[in-house]
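Quick heads-up: it's one chain on its own, the form predicted alone, in structure tokens.
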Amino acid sequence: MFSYMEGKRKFLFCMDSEGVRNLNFLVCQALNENVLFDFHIFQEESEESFVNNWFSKQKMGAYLYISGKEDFVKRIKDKAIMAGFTEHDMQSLINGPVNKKLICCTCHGVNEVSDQTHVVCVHCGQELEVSDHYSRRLDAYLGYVTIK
């Protein structure tokens, strides 16, 4: 769930058709508090071509909200980071299933998981617990050995 960030100069609302409902209350709050904002609903991936330019024109104090399907959120978040936004300058919310890459701490093999908390590594057979430790470089979570 999103939280309203007070004290920001401007909000950027970026969503696909699945994410519109999640941002409605934040847009209303920005209107009530008379805070500047831009929002864009992306209908197709081809519309995202202007995002890099849009992000690069933002000034300090801009705050980004991203809502939509997993692949949309990931693409926009990557573009925002390339434009200079940090993890502290944005919030994101994914609608629908989330598929994660999980790196086995034993064999470093890559496993695909959705919402499981425990999986068996398909490469070495080690039982793993899905952790919160995320590597942006690997775009994956770390799987720890399950302690019984």
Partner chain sequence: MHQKSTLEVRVKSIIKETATIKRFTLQAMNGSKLPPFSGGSHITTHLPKASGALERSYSVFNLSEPGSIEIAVRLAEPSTGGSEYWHHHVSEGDVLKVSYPKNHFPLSFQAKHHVFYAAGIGITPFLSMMSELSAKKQSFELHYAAKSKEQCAFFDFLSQTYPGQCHFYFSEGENRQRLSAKLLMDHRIGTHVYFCGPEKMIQEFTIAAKSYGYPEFNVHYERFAPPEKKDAVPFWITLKQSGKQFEVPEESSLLDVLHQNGIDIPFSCRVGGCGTCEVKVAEGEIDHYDAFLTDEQRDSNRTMLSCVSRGKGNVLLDL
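Numbering follows the first chain given and starts at 1. The shown structure was predicted, so the numbers you read here are calculated from the model rather than taken from an experiment.
There is also a form predicted in complex with the partner chain; it is not shown, and the following applies to it.
- Checked against the partner chain in the predicted bound form, the residues I41, I94, A62, V27 give one hit for a heavy atom within 4.5 Å, which is A62.
- Heavy atoms within 4.5 Å of the partner chain in the predicted bound form are found in one stretch of 80 to 88, 32 to 40, 113 to 121, 95 to 103, which is 80 to 88.
- A residue is said to contact a partner when one of its heavy atoms sits within 4.5 Å of a partner heavy atom; H133 fails this definition for the partner chain in the predicted bound form, lying far away.
- Shown alone here, R9 lies within 4.5 Å of the partner chain in the predicted bound form, counting heavy atoms only.
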